[in-house]
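Below you'll find only one chain, the form predicted on its own, shown as structure tokens.
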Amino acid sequence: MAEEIKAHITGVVFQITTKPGDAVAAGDPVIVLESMKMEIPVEAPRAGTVKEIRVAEGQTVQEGDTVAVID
């Protein structure tokens, strides 16, 4: 079942560390946000396969925005 991964803080997408098709374990970083000059990883909530990435590097996201989907 697909699960959305949401940003837990407002920030700028600093780095996308996975791509669709990548396998991830619970706690693996999917993207890294930059907020207040700090790098904050957004982690996979469970093991699965990245289905889609919904952001681009340099994009601003708000708290609660969906940044990726895993299966």
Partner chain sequence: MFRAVLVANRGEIARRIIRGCHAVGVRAIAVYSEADRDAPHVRDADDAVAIGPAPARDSYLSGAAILDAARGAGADAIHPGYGFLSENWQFAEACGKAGFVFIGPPPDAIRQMGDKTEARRAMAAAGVPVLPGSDGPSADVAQALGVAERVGFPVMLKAAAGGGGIGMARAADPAELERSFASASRRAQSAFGVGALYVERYLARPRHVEVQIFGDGRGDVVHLHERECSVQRRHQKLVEESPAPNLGAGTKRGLVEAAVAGARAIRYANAGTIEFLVDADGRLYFLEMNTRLQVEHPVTEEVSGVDLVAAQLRVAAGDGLPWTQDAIVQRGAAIEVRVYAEDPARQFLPSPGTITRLDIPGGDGLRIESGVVAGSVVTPHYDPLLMKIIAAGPSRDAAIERLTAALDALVIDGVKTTAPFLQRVLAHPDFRRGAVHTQMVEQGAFNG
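Computed from a predicted model, the values in this text were never measured in an experiment. Positions refer to the first chain, counted from 1.
This next part talks about the form predicted in complex with the partner chain, which is not shown.
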Report task. Spell out, yes or no, whether the shortest heavy atom distance between Gly48 and the partner chain in the model of the complex is within 4.5 Å. Result -> no
Query raised in the report: Taking the shortest heavy atom distance, is Glu43 within 4.5 Å of the partner chain in the model of the complex?
Result: no
Report task. May I ask you to check whether Glu39 falls inside a 4.5 Å heavy atom distance of the partner chain in the model of the complex? Result -> yes
Query raised in the report: Counting only non-hydrogen atoms and a 4.5 angstroms cut-off, does Thr10 reach the partner chain in the model of the complex?
Result: yes
